[in-house]
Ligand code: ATR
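Next up: just one chain, as structure tokens, the form predicted alone.
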């Protein structure tokens, strides 16, 4: 039986096993997908297990998307461009790091029929998924990308990857067409992003990469102000879709049943 994992810290909220095991059963594969909470000092042993064939593939979530990179043999072009890895596999005895978050975000935005062309994108946060969102937004033709993070040093690190982005001080609200919460604020039901969006106008897109809970306080505030709002469920499904296809060589089905798994 092949074994797959998602690693992170925290990891309890992850619904990756529900999704991947649903597809594994649907496709009749002899495999299992589990979640595992790790610390930085566990990464070396994880890589050894992949090299030995004890683990056949790994998804990577917060806070390891960047810290896992030194342990890998090669990076895909997407992982190189974003300095971010969320999918790992063994090929020709080499451990490869890939990034399916880019494709996941692009496909999610296509699915809600929102055009990023010439739009101003404002991203909250500077964590592991932010470079993927920036890269996808550039690919989709956005005119300006701004990021704001509570710790300026982390925002500076992202600007070192994409020097054309603009840094905004935390608490300031620039003119935008799309605002994306890429912080972890919202994983707990009572989390609030203490930013005032009351003067931003209507018909903006409020997007939250969090998918569990399905409506964060950030999305609720966007909804109350008369804006379009979307959680990270489709991004999550489509990044998983790409990883599944990469590992198994099969395109799993994405339908209402798949989406309901995450409710």
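Residue numbers count along the first chain shown, from 1. The structure presented is a predicted model; accordingly, all values stated were derived computationally and were not measured.
Not pictured, yet referred to below: the form predicted together with this ligand.
This chain is drawn without this ligand; in the predicted bound form, the residue among 169, 143, 151, 164 with a heavy atom within 4.5 Å of it is 151. Of the listed positions (183, 87, 137, 84), a single one reaches within 4.5 angstroms of this ligand by any non-hydrogen atom in the predicted bound form, namely 183. Using a 4.5 Å cutoff between non-hydrogen atoms, residue 125 counts as a contact of this ligand in the predicted bound form.
Within this chain, residue 62 lines the site of this ligand in the predicted bound form, having a heavy atom no more than 4.5 Å away. Remark: of stretches 89-97, 67-75, 102-110, 127-135, the one touching this ligand in the predicted bound form is 127-135 (heavy atom within 4.5 Å).
Interface residues of 191-229, taken as those with a heavy atom within 4.5 Å of this ligand in the predicted bound form (partner not displayed), are absent.
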